[in-house]
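Quick setup: the structure tokens below cover two forms of a single protein chain, split into structure 1 and structure 2.
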Structure 1
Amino acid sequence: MKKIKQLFACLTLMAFGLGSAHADYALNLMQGVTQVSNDLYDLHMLILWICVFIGLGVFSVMFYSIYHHRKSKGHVAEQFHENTTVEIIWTIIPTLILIGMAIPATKAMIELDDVKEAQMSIRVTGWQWKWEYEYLDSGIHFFSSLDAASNKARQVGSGVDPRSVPNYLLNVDKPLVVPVKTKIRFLFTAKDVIHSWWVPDLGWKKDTIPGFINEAWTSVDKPGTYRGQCTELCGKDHGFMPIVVIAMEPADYQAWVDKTKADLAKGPVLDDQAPAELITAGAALYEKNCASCHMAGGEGIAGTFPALTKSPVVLGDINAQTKLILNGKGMMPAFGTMLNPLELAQVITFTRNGLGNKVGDAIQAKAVKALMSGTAEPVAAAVEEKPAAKVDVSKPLTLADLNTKGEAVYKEKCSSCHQPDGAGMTGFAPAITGSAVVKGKLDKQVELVLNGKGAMPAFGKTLNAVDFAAVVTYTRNALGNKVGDMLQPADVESLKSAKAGK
């Protein structure tokens, strides 16, 4: 009912052209808070009025004609056509108007482009789907992403009314802070795809191109909070990477710089935390940093983003998982620069013990830090990995037995990445179907599956010999492959011990 009322109010306003009287929504370009944005606003109004004037002129002639020169009124058509004088006039007048428009437009363009003599520089890097800010003069560096309240409300079927969220979709966790009346040069680049940084109050937007640097400048006149959004389609969460700029008096700004620098100098806390603490904190971090791809429940998106629930990476070696998260892979960004060791420890521990996973181990900030610097082998995970139970390997199995068993193992251990049909995931997990490894020498494949590679965990420890032999045989004889050979449990054991002997 409330919405219908609003709608009627709105329609009435539109009918009377009084929309601008309402404070909540704007009908026109905002004037903004910089010299450039004001100049652009004036230019916009000038050209808008020219357009309105031309439109009204043409339409009034047309409607006069439609009203008077109709057959039903008995008007008889005149047969004139082609009049060079008229045609020259209506070519020259628009040309003159265009020249009149081009002159102020050129001035504004030159003003917009003039980044010289800036007093400070900020580098802005677009990521899917957050912004990275680096103050090149003071060394301050942080990431800025959608605030938690908006993020919660914007999930499909969240049940939260966006109107109840302050600054819905236009709020961030860490805003960009700048001093007023200072010429600031922005340098734009991107990590993954093209984004575009737009704060309407500053008067411009600029695309961020991966591998290149674009520039723009601003000098904010008035302290305040100014909001904007990414304006270049950058994937799934393009609509959810807002920008907030807080402009402060220079003194306040300096205080902010000092405080932020002091916090940075302290460095992150690396104290050990209890697993429960890690998991709780990790859940919030997961929602903010991971859920947009791997989804809130860890189920991922088939074909694009792998599930974390029952993921072999998450269930596998904790150090391997940490390394993957630190360095990224394919579309997965390197979180090593985005989160501090404690946050990483928290979110990794959460993935292993939440999202339907029960690995039961944890990693501590110090261990993450060690892996980050690569100086030392990390402290072993808290809970020991269960070694695979001993099984009888002496009996050779038939191809059919191996395949049946292998299918079950494949479903459980491999299909979340390589997909149930063996088609793999682009940029993340290679296809099993037609894979050169699977079609190649048996030894090579066994070695790879035993020891892992990249995101592929080492299955040597977690699978018993029978399961191992079965799943390898299955991949070679199913999923569209027909190599025709098989692997026996006994061979697995001997290969393993050969490796251990080395």
Structure 2
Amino acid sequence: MKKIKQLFACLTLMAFGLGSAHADYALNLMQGVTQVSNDLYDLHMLILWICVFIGLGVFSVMFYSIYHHRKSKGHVAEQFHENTTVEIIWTIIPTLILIGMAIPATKAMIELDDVKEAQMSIRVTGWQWKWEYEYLDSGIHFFSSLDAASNKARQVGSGVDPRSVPNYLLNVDKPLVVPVKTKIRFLFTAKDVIHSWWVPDLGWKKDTIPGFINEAWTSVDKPGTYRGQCTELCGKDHGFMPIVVIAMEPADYQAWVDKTKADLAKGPVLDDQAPAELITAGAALYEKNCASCHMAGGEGIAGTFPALTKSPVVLGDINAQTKLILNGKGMMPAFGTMLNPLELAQVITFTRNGLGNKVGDAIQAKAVKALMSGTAEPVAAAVEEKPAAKVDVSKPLTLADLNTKGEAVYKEKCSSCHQPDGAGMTGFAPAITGSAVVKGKLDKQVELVLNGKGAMPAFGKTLNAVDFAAVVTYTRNALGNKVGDMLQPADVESLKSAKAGK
């Protein structure tokens, strides 16, 4: 009975079009922020009321006839087979109604496809599972993926309440930025399977089809952030490729264009990094770009996505692996178009020294760049660790000093894997918060950080004694832990010396 009452209430609200009820019951179309979306809303309301009046008229006549001409009142059914006048009436009236509906509908459809006199053009390409945007008039080009907070919360067993993540599954790392009151032409295509680009506030959606170009246009009336998502079932991560459009005033948009172009003109960073830095940064890139298919622990999905753990490709020639990632193969996209040389170097080095692998080599951004350009065939072999700098360890530090220094070291060296709040990444990097290692004996944690384990590099080689002591002390007295002890730089130096003497 309760459900029947709720249904009756919803139908009543819909029939009378109560504006205040739309937000609560979401029974009507949204009006959006473009002229097209408002025209479609008006068309929808026009057709709705035509249907309502037809329904009221038909059912009123029907119920009147049933009630006043029932058998109990002595009425006898008339016996006739045709009536030319009635047949003409019930043919002409519906025809006129359909014509009256077709005229505004046709006008709206023509308006939707009218891309003439566009002031700028943007190409949108769907990938599994991200969006590629290219501003054809300014040369700006980037990929847009699910934001890190949503990506972390969506993982099974992450321990993160999705309700605590702002705009969960509807936020991205790089939004599409457009100017207001500007006619923008969109060109839609896809690289792998059919996707569908949909932002409700714009008033339409368009399929992105491999080998085919679809067109649409928009002109946003007011500044704001407008969210949407892929609406075509495009694979296992279909629900994790949102769309965010930020509309700006023309002056603000031009400032964004100038800054973005200036950043692109600088080109990618090609500086060498220590293997530990490559591995740490590569872990975050792997989670963002690769874990959906190859899984968080590198185990893959049998029969669909190969495992990276103990993979002959990953354990084999690093140049061959780099070329495979650059060019793609089968369902694997060409990451040479998505990631810059430094990011590629980081994620490749991580796969070879994490996920259960321990090849021990690394590749630098310059080597990746050479392979991308085809100008050289570099041998990307093992890279020597840069030894930790010598520091003065004679002066003991206070707990407060160690924690302050340790927080900075943790953010730079550890947070991309163990997360800024110490929550870790399920299946890959264990949580620091509540960790049995961190809350256990100090010397056991020191030994682990000193020598490394699995994907975790040996920080004894790359951190000086002060940084090492500080970050260990910080993990034991922050990030939800409160052990209360500390490690001094002199103790670290002694341990390093004892290890070197063995």
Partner chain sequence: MSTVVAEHDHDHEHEHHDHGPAKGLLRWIITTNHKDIGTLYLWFALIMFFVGGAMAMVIRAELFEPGMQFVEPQFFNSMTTMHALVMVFGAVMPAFVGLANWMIPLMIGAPDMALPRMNNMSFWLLVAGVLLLASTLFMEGGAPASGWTLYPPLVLQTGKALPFAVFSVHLLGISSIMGAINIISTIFNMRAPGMTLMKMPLFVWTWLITGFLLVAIMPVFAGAVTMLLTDRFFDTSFFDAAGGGDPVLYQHIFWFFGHPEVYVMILPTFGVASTIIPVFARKPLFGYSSMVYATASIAFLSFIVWSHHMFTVGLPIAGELYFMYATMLIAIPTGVKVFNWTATMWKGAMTFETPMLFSIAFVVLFTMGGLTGLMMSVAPLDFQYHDTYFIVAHFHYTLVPASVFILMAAGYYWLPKWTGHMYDEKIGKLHFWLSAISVNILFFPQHFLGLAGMPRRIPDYAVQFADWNMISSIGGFIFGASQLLFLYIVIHTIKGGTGEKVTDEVWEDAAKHGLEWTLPSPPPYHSFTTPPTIIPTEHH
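So that the term is clear: the rigid core is the largest set of C-alpha atoms that superpose within 1.5 Å between two forms. For clarity, every value in this text was computed on a predicted model and none was experimentally measured. Residue 1 is the first residue of structure 1, and the numbers go on in sequence order from there.
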| property | result |
| --- | --- |
| Number assigned to the form predicted alone in this pair | 2 |
| Core fit, then Gly74 C-alpha moves 2 Å or more between the two structures | yes |
| CA of Thr475, rigid core aligned, shift of 2 Å or more between the two structures | yes |
| Flag for Tyr410, CA shift 2 Å or larger between the two structures after aligning core | yes |
| After superposing on the core, C-alpha shift for Gly100 between the two structures in angstrom | 2.9 |
| Angstrom shift of the Cα atom of Val437 between the two structures (superposition on rigid core) | 50.7 |
| Per-residue CA shift, Thr85 (Å; core superposed between the two structures) | 7.5 |
